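One chain comes next, on its own, written out as structure tokens in the form predicted alone.
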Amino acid sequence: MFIEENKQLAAFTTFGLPSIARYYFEARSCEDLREALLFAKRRKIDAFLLGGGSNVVLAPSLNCLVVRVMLGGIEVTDNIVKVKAGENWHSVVLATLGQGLFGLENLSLIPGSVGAAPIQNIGAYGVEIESVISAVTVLDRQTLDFLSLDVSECKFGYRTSIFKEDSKDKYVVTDVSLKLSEQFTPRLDYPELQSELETESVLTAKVVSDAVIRIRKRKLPDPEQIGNVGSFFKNPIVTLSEFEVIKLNEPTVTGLHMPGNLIKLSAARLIDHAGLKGKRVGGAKVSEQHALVLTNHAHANYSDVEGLVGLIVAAVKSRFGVSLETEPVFYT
């Protein structure tokens, strides 16, 4: 094993905050992962798994082993696509579309690696990854055995899963198996996507994917141009009665009706209505392009981000009575 010490991590995350790991290792195989976990056990330190770095906020100093998961490979058997955790998510979306396999088109251009997708239960424009997952292969951190979990065992929820809740830090995702379709069935639940496709005479999966890419590029700042982790807050879900109270005080607030008399609110609109677009704490800033995105505007550090998050959460709670939850993982 080639273990590096005092490794700078900013280049491996899309936020680009300064952070140094005590130990750092790049795992390119499942055996590498086993060796890395054994290394951490012997030294009685934590092992933090880093994928594409698009959904993490890292503290300035990490007294642990950071394992960058770089497992690669894609296997296609009929309509089942088994993908290694280190593959780039968007590249997989494009690859499956190119092979005439459909179901991922609404999830185009989501940053990060495949291994992070089931952990977060990534979703966009009416589709969540749980709808196409057939199984997730994991490495048990304690036993170092490999297990295959089906969809029900993953306990998927809105931007969450067993990997973030009941079994947090128990498993390492190594493979994700996707059950796709050879028949394209468009999912056009979101008005924004419908509007983008109005002028299209022929609707194909590629056309939908291209539309999603255009919307995301138009709405969200490019992490290669300015550091960010995409959507920073989950869209809050409230009861119908709670929504009616919010509407009495803030008539401009809108929501998306969900099963069970629940309403999904737009976190971006709440932040915008609270007058926080462009707000800065140190080098961290609420994007003026999209209020749901926090950017590394000017050499931001972890404390700047913490301060800005606290300010946003308090302001939205004070004005709307709604508690915002963060999407990215904060690791200290």
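Remember, it's a predicted structure, so these values are computed and weren't measured experimentally. We number the residues from 1 along the sequence you see.
One more form of this protein, predicted in complex with a small molecule, exists but is not displayed; see below.
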* Asked: Which of 44 to 52, 284 to 292, 297 to 305, 263 to 271 has heavy atoms within 4.5 Å of the small molecule in the model of the complex?
  -> 44 to 52
* Heavy atom to heavy atom, is Lys179 within 4.5 Å of the small molecule in the model of the complex? -> no
* Answer yes if any heavy atom of Leu220 is within 4.5 Å of a heavy atom of the small molecule in the model of the complex; otherwise answer no. => yes
* Contact of Pro236 with the small molecule in the model of the complex (heavy atom, 4.5 Å) -> no
* Non-hydrogen atom contact Ser113 with the small molecule in the model of the complex at 4.5 angstroms -> yes
* Triplet Gln120, Tyr171 and Arg216 all within 4.5 Å of the small molecule in the model of the complex via a heavy atom -> yes
* Structure fact -> From Val93, Ala211, Val81, Val229: within 4.5 Å of the small molecule in the model of the complex by heavy atoms is Val229
* Structure fact -> in the model of the complex, the residue from Val151, Leu193, Ala124, Ile246 with a non-hydrogen atom within 4.5 Å of the small molecule is Ala124
